[in-house]
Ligand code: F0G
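Shown next as structure tokens: one chain only, the form predicted on its own.
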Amino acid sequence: MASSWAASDRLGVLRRYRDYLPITEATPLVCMGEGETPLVRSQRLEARLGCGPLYFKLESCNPTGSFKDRGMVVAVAKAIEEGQKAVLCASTGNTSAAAAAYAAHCDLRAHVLVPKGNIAQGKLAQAVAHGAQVIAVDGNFDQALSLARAITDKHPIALVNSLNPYRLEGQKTAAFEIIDHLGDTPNYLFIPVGNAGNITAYWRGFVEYQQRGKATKRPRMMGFQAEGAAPIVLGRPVEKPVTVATAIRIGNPASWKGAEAARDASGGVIEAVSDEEILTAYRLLAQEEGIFGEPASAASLAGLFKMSRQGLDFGNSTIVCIITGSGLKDPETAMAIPTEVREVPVELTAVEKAIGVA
């Protein structure tokens, strides 16, 4: 890697990249240690895919366990600057966790609208623990977002979904970090696509860094939706999106046009992967790389495998896959993996026999 950071050097997104963000003298420089997440090189899958080098950007290492913290810190700081006392979001989980945490840190009220019965327990637990008012809407994410927009249009509450332009400003800093670590832009960036704000933000970051002379090129943006929630691939909204990857279970992305623009300008793709492909990649990440990401995170690796099977040659390419959130966000999926838990007496020989050394 071209550079590294000491733990004491963690400045947070607002301080480290303030020259690239809409920061004024009145903006509070909020920091919970977001950003500066690891870029980990593959130990086994790189060889299996015949590519190289392959890296995983662990956005799961952010304070609330997902990439959402990057954008949330900017959105909340600007809300405070504007005199807001409360924030509101619609969420499949990660946004609600980030909004609740940063609101608590900054003494703001937080209200979150979640699709009833369609949010992973790990994410819901975060919002509850941080003291947010959680409202379960008897509908899907898109309907919850419509309600959130209507409420914030009518009342003095800051909408902190990715429709908030400050969210994408914060999220673009992950692209800066990748270039700072590698010394230049990778050839390919593989990323899950749900509400499509992240792929839009990364592209913005890569373009800005190149324009400022920090990189010599731009990557091909390779975005992947789940088959049951693939409106951009289908070219139309999906009324009832269905996928095990709850974080990308979105039928009408707010940043649809931005995602298409990133794809087209970069010569990339936005395609779909099946739940089976997502879960296979999910297990491979955990068992062959030691990386425990939430199911949506695995859509990036699933997409890489799919493109490789279709004959795309990655032999001399630097690739980065984005791991958007921690596997602890959705423990139910991990516990559904078939495994045998053997019970033995409290005896040395019994344990030795169980592990195959007797």
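Numbers follow the displayed sequence, beginning with 1. This is a predicted model, so every value here is computed, not measured.
Beyond the structure shown, there is the form predicted in complex with the named molecule, which is absent from this document and is the topic of what follows.
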Here the chain appears without its partner; judged in the predicted complex, the stretch of 284-292, 84-92, 124-132, 269-277 with heavy atoms within 4.5 Å of the named molecule is 84-92
Problem set entry | Heavy atom of residue 197 within 4.5 Å of the named molecule in the predicted complex | yes
- Item | the named molecule contact in the predicted complex: residue 64, any heavy atom under 4.5 Å | no
Next on the checklist: Is residue 73 near the named molecule? Define near as a heavy atom within 4.5 Å, in the predicted complex.
Outcome noted: no
* With heavy atoms only and a cut-off of 4.5 Å, decide whether residue 189 touches the named molecule in the predicted complex. => no
| Do all of 68, 247 and 250 end up near the named molecule in the predicted complex, with near meaning a heavy atom within 4.5 Å? | yes
In sequence order, the residues of 130-147 that place a heavy atom within 4.5 Å of the named molecule in the predicted complex are 141
